[in-house]
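Next up: just one chain, as structure tokens, the form predicted on its own.
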Amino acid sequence: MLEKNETRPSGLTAGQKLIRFTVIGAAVLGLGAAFGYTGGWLAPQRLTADRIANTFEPGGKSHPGFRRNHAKGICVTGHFESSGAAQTLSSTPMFSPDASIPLVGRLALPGPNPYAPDSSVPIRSFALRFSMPDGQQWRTAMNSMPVFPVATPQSFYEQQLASAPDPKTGKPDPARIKAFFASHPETAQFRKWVKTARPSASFATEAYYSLNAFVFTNNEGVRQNVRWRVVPLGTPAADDATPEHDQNYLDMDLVQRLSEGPLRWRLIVTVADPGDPSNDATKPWPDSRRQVEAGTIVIEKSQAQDHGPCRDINFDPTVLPQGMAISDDPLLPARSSVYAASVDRRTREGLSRPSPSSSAASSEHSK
């Protein structure tokens, strides 16, 4: 209630009201324009996460509930045993001496088809989520090739369009793919690798690479550009796949190997020298660069992806703990946004709905 000697503020004049409504209207329009620009509605030709995600739905067809890329996979669980050696590079708690960090992972094939034969591509992938006691996480998504074919999201989008199935034949057009590679000389290292790559008969015998560069910062604030890879430990290379292999032989091989004991990979961090490119995943760093063995990844169990612990995880490589950060590689924010688009689509399609297993392995396996 107003005191007797208190006067009410005078009302707004018509001019003041007009200015206020104009400011509010401009803010609303600006917010709408921002959403429109981000979603690509105001600039249909601008490259967006959804446009890239659409390339994994050739002909507008998708497999509801599955990831848009790397759709065929299997969950794994285990832990990371730190050697303590990488503590000089990063302040992350998981590199502390003798740290043991639980992990959930996923071994998979690239591509949008969850029923693809395992021998259809020579590339395998390994995604991991490390969960630290204080709640921090490190998520990484690696592939079995040492370099990425292209350096930018735009080039990746063009590669996807070039390799999309021709509606008339249902298969990629070799002439279109050839033309793409001819116009993208940065793919030379990848093409050199792929000429000798063969589909392996085991997930367990592959090495997997981060591909992109990241930045590690230690407790003294020293920053280093790094890449990492995981290398199988004590596992001889598997033979190439043969026509006699079942189309789901990778999962069955994994189950068999885990029935005999845990599988292990060494986590090796490569430290860049000044001048090594951090923004171009097509360019490998020289073998002479400093190598730090950070510890051992131990995989103990596997489980079908339709009900396993990896099913709902977005292995976004930009989710990093303290002491780690993304580099200036333009592929990293693009990967993050496209992964988010994939999660959004899967969620709307019914992420929690039981979906057909992409694998012959339908039960939990452990030592």
Ligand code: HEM
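The numbering used is simple: start at 1 and walk along the sequence shown. If you're wondering where the values come from, they're calculated on a predicted model, not measured in any experiment.
Another form exists, predicted in complex with protoporphyrin IX containing FE (HEM); not displayed. Remarks below refer to it.
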*asked:* For protoporphyrin IX containing FE (HEM), considered in the model of the complex: do all three of R106, S125 and A334 come within 4.5 Å of it, counting heavy atoms only?
replied: yes
*asked:* Considering non-hydrogen atoms and a 4.5 Å limit, does protoporphyrin IX containing FE (HEM) approach N212 in the model of the complex?
replied: yes
_I'd like to know whether S342 contacts protoporphyrin IX containing FE (HEM) in the model of the complex, with contact meaning heavy atoms within 4.5 angstroms._
yes
*Would V338 show up as a contact with protoporphyrin IX containing FE (HEM) in the model of the complex if we use heavy atoms at 4.5 Å?*
yes
*Can I313 be called a contact residue for protoporphyrin IX containing FE (HEM) in the model of the complex at 4.5 Å between heavy atoms?*
yes
*Could you check which residue among A294, A141, L263, L254 gets a heavy atom within 4.5 Å of protoporphyrin IX containing FE (HEM) in the model of the complex?*
A141
*Partner-proximal stretch of 77-85, 202-210, 180-188, 216-224 relative to protoporphyrin IX containing FE (HEM) in the model of the complex, 4.5 angstroms, heavy atom*: 202-210
_Residues of 48-73 having any heavy atom within 4.5 Å of protoporphyrin IX containing FE (HEM) in the model of the complex, listed in sequence order_ = I52, F56, R67, R68, N69, H70
